[in-house]
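Starting off, we have a lone chain in the form predicted on its own, written out as structure tokens.
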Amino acid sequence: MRLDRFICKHTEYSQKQARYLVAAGRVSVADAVVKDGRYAVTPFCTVELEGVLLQQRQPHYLMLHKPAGYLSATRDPEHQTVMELIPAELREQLHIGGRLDLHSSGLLILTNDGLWSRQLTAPEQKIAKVYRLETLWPIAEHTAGVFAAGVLLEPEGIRTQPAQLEVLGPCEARLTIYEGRYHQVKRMFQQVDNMVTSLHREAMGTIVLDSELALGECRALTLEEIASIAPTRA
């Protein structure tokens, strides 16, 4: 949002008055005076008008080692949710960037930066999601080729982007996909007459689940991890 419009929205001033205040050097963004009303204000800018704070919001980016049995939701009347595993003071602020189902475990990202999380999860961004999995029956030889060609998901009628399957044992594999559609991994294996019995997410892009995190523990992402998913803010 433009700075002059931001001033209008958060004060009683008109847009004409807001432009004057900005041009007169009475507005600061991130502790620096800004005199251009067209300056882009993001949800995480600290904005002050004549020393009065209009906005201050700290971005949060967390990595959680999700255990099986916790629902990827902010609240639920029946199941424990992943929000119960993060600091209480952050629970109302955060949303989940790329859910895992109730019985799956592994890397889960939580943030209050909606633009950043959309970059992380949008299929068109083609960010790799890496899963380690076990199946009920031995993995057929043709499975890797089927996944590489793309699997048609019904009822959406959408063909998945080419995925890479690394077979680690008769019933164990590592799968890399580039979307994150509803139960995608399990539905892909259903298409080759198999069933996923255990699913664990290891990585999203270059963000890898920290081996030091025990089940249920979380930590803040590093600056490098945050920067690896870099939205363009307008």
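Numbers for residues come from their place in the sequence shown, where the first is 1. Everything numeric in this text was worked out from a predicted model, so none of it was measured.
Although not depicted, the form predicted in complex with a small molecule is the subject of the following passage.
Undergrad: Does the small molecule get within 4.5 angstroms of any non-hydrogen atom of Leu100 in the model of the complex?
TA: Leu100: contacts the small molecule in the model of the complex.
Undergrad: How about Ala203 - does it come within 4.5 Å of the small molecule in the model of the complex, if we only consider non-hydrogen atoms?
TA: No - in the model of the complex, heavy atoms of Ala203 and the small molecule never come within 4.5 Å of each other.
Undergrad: Heavy atoms within 4.5 Å of the small molecule in the model of the complex: does His183 have any?
TA: His183 belongs to the contact set for the small molecule.
Undergrad: Does Leu199 reach the small molecule in the model of the complex, with heavy atoms at most 4.5 Å apart?
TA: Close contact exists here: in the model of the complex, Leu199 approaches the small molecule to within 4.5 Å, heavy atoms only.
Undergrad: Look at the stretches 118-126, 101-109, 137-145, 153-161 and give the one with heavy atoms within 4.5 Å of the small molecule in the model of the complex.
TA: Of the options, only 101-109 has residues within 4.5 Å of the partner.
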